[in-house]
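Consider the single chain below, provided in structure tokens and representing the form predicted alone.
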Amino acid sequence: MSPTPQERRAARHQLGTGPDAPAARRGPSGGRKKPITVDAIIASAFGIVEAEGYEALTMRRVAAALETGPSSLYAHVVNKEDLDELLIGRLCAEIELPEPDPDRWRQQITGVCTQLRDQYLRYPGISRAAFASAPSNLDTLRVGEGMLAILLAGGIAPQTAAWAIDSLMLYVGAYSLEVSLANRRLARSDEEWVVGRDELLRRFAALPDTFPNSKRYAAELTAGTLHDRFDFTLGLMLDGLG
């Protein structure tokens, strides 16, 4: 008897995402189409997110891209949440983790967070897939393990390090989602909602006098690039650790 999708998922979590038996194609064109595999599903899902954004990703949409029905996907993937975990795991697999260095722990943890940010930004909105879930994918857990090792090497207490990783991951995901949303609006020429710094300064200058600080410090409020602010916020968070 073939393994169930749940058994396939459990095997992936124990051994990593390895090759799986392709699902057989049915119908007269079955022999001419590429077989359905976990890798094929993941690749199609990434293609949809890259072209249309994460909000467009559904199991039915992936099935259509593979020219099959949703039931063919469920032979390999339990549900949309399982697919989400596979996607985040595949991105995490590409992150390089340094050998923990007590003298460079701040730079090292910042480097890991920056890599994760850049991975998320490759696929608009995909960081949503990492929210509200306890990871069990080995590639995702590997990143958490590496971050924990870096913080512990830096002398951070275990409980503090554990919660810090959660906070850092949450910030990286939220930052990446906001940037992705802004970029999608820019791509649609939605200038009413995404404006440049000059327009922001004009709007601050036009505020009534009941906003004295906002008017006076408008330059500071609008200064820096998005990634400048990302680095600043990570620095604030790490300053709180020691």
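Here, rigid core means the biggest group of C-alpha atoms that superpose within 1.5 Å across both forms. These numbers were taken from a predicted model, which means no experiment stands behind them. Numbering starts at 1 and runs along the sequence shown.
This protein has a second form, the form predicted together with a further copy of the same chain, left out of what is shown; the following refers to that one.
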{"item": "Option from 69 to 77, 115 to 123, 101 to 109, 163 to 171 whose residues, in the predicted bound form, bring a heavy atom within 4.5 Å of a further copy of the same chain", "value": "163 to 171"}
{"item": "is_contact(residue 135, a further copy of the same chain) in the predicted bound form, heavy atom dist at most 4.5 Å", "value": "yes"}
{"item": "Partner proximity in the predicted bound form: residue 212 to a further copy of the same chain, non-hydrogen atom cutoff 4.5 Å", "value": "yes"}
{"item": "a further copy of the same chain contact in the predicted bound form: residue 50, any heavy atom under 4.5 Å", "value": "no"}
{"item": "Contact test in the predicted bound form: residue 90 vs a further copy of the same chain, heavy atoms, 4.5 Å", "value": "no"}
{"item": "Residues within 4.5 Å of a further copy of the same chain in the predicted bound form, restricted to 197 to 226 and counted by heavy atom", "value": "203, 204, 206, 207, 208, 210, 211, 212, 213, 214, 217, 220, 221, 223, 224"}
{"item": "After fitting the core, residue 125 CA displacement of 2 Å or more between this form and the one not shown", "value": "no"}
{"item": "After fitting the core, residue 153 CA displacement of 2 Å or more between this form and the one not shown", "value": "no"}
{"item": "Yes/no, residue 136 Cα shift of 2 Å or more between this form and the one not shown with rigid core fixed", "value": "yes"}
